[in-house]
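Take a look at this single chain, the form predicted on its own, given in structure tokens.
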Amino acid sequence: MSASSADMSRRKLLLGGAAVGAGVLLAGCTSNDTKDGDAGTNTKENTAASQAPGKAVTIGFSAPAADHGWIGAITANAKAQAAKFSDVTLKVVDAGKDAPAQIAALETLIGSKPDAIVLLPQDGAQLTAIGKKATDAGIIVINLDREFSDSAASFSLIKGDNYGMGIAAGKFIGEKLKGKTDAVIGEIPGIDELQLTKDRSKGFADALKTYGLTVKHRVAAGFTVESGQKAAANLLQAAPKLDAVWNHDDDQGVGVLAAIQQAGRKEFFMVGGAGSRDAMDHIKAGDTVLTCTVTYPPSMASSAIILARLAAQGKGMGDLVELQVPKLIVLQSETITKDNVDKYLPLGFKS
């Protein structure tokens, strides 16, 4: 996390900056569509008083190009949610290939003076200055997932819980292997250089430690099918016997499963990460070693649009007393197994 521990603690003490679960704040009737290239979208219907039509607002939106299913679902969810509101005009700008390109696009967007901007940065630290520029210009900025290095650069931050993903995966594996302290556990993270990967791996290690377990084999992938297949093949070659594997990302998990099937390995079980529809289908069918996935929901983009609209209209959350939306919302990482997968299937995104 880029914010200091003291700053995070202060924000959690103030409801205006409370760390809250989005499932509590944004609960209500939801719609689960499968348009936008079958990416799957999760949106909230306009049922609460705070969702009633209000002042017309323009919301800018920028997120990296869809190089995998999760990012594709982010943009699809944002567009679908904005379309639910008769008082919202969504202006989507191309984020380009890197942080400088996204900054240039946002400079132009700021010049058009939208009421709010929902921004998933190419890189949180590199986009902090442009977020601050928009905020200083009186534009509501909702920082989506990849956190700015300065909390003053946004009005609100909504993000997933990477550390919590690791905890959830480690707890599931720990419970399954309880008492088997010699268990051989593998881990296939995404890009090791990213802070989100470090947070996920730390949560995983911390949870396993409570069961007397550790990761024995670890090979990083890169959030793509091809990298997942290569990483899994290398891990399987290095580990002739495994008891469990955590793959951090369901998009790369398509390649991971392909490598496992090609190797004919069935002696272990696997936990996925993010909550793709493909992973859920396998969990429901019981046709692979994948028995569980822990969520990192792209539905946060829908919630970010809701937050931007409310803030731009000067409204708070419908179920809260306070007059403004919270400063920080951290989504729960939920554990999906065969026992509850039917409930989550409509929320899955297409890899």
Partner chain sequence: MSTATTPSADPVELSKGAASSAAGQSWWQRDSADSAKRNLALIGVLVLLLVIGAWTRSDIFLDIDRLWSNELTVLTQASSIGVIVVGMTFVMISGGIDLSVGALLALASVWCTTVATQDLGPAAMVFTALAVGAIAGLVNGGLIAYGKLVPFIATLAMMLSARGLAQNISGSHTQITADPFIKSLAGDRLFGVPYMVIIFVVVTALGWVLLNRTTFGRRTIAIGGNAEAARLAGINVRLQTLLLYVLSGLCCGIAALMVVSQTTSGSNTHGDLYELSAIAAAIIGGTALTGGRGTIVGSLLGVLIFTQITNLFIVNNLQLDIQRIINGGIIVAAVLIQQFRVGSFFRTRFNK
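Keep in mind it's a predicted model, so treat the numbers as computed, not measured. Numbering follows the first chain given and starts at 1.
The next section is about a form of this same protein that is not shown, the form predicted in complex with its partner chain.
- Contact annotation: A238 falls within 4.5 Å of its partner chain in the predicted bound form, judged by heavy atom distances.
- In the predicted bound form, its partner chain sits within 4.5 Å of a heavy atom of E226.
- Proximity of G69 to its partner chain in the predicted bound form: non-hydrogen atoms within 4.5 Å are present.
- Within 4.5 Å of any heavy atom of its partner chain in the predicted bound form lies no heavy atom of E147.
- Annotated contact segment (heavy atom within 4.5 Å of its partner chain in the predicted bound form): 213-221, selected among 150-158, 122-130, 213-221, 79-87.
- Shown here without its partner, the chain carries T291, N340 and K343, none of which come within 4.5 Å of its partner chain in the predicted bound form through any heavy atom.
- Proximity to its partner chain in the predicted bound form, defined as a heavy atom within 4.5 Å, holds among L196, I140, V254, V184 only for V254.
- In terms of contact with its partner chain in the predicted bound form, the residue from A205, A233, V93, I110 that brings a heavy atom within 4.5 Å is A233.
- Contacts of stretch 327-351 with its partner chain in the predicted bound form, defined by any heavy atom lying within 4.5 Å, are made by K350, S351, listed in sequence order.
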